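Here's a solo chain for you in structure tokens, the form predicted alone.
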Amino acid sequence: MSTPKHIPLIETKKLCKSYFNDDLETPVLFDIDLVIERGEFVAIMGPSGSGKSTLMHILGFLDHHTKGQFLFQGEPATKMDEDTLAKIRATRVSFVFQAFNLLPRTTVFQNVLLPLLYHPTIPAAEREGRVQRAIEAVGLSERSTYLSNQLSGGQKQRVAIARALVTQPEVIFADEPTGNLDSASGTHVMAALQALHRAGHTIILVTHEQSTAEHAERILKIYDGKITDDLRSFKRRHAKDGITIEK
């Protein structure tokens, strides 16, 4: 009996991306070979303009690649029609952005509920329980009735994480989630993402900050549109905390 072929969650082969303006082509990504497995916590790290956000947008079905292959659970993205892509965006991937993108003058509960209102398969009877569990997962149960403008920046970002979590997606993408936060709030946000990872969620983080990237178990460094390093199995803690670094 043959052994079933292993299928990664995400795989790219010689993936390239260019933007076009009239006859002018601007290449952004070059020959990206990448495999991300279920349950990984991956940071894509690079300076501004390196192509890290473009790569995340392609992996999250917000943009299209130009050449090469992008496979999601073994299925080529180029063979997916718009209805399939819309369903993937609604059910299988979620995003946390730097700007929070919360609805103003609405409660924490209402913000987290929003994705479920557009979900094609989760029945209305399950919505309240899912919302409460997602809010609890980021430690904001006591703030569920607060309006979004009554929260600190760190709390707003944790609401955004709960909103991303509520549909139980296969991948949570976080684009510079600590970029608008002070260091203490950023630490709380990254702790929430780490807790979700420990619970089995796949997380792909984009950042330009080394200290933020080090919360992940794997760091992809990207520079001028190319992956220059793929660092795995890190256990990082600062020496002042009595912790060592292992590779």
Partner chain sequence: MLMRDLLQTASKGVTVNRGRSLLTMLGIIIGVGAVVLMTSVGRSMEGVILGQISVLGPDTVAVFPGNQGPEGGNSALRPDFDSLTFADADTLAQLDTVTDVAPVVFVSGNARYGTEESDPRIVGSLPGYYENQTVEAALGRLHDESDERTARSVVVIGSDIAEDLFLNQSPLDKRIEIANKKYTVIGVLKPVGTQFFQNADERIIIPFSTAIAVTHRTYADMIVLKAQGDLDLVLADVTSLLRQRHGIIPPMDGGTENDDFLIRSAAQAQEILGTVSLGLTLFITMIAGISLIVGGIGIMNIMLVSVTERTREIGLRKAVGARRRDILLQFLIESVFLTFIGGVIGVGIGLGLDYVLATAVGKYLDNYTFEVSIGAIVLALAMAAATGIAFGIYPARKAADLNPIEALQYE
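Numbering follows the first chain given and starts at 1. Just so you know, these numbers come straight off a predicted model, no measurement behind them.
Form predicted together with its partner chain: not shown, discussed below.
- Segments offered: 131-139, 81-89, 147-155, 67-75. Contacting its partner chain in the predicted complex at heavy atom distances within 4.5 Å is 81-89.
- Although the partner is absent here, V28 lies well away from its partner chain in the predicted complex, with no heavy atom inside 4.5 Å.
- Looking at N101, you'd find a heavy atom of it within 4.5 angstroms of its partner chain in the predicted complex.
- By the criterion of a heavy atom within 4.5 Å, L62 is counted among the residues contacting its partner chain in the predicted complex.
- Interface residue remark: F95 is counted as part of the site for its partner chain in the predicted complex, having a heavy atom within 4.5 Å.
- Counting a residue when any of its non-hydrogen atoms is within 4.5 Å of its partner chain in the predicted complex, the hits in 112-141 run L114, P115, L117, Y118, A124, R127.
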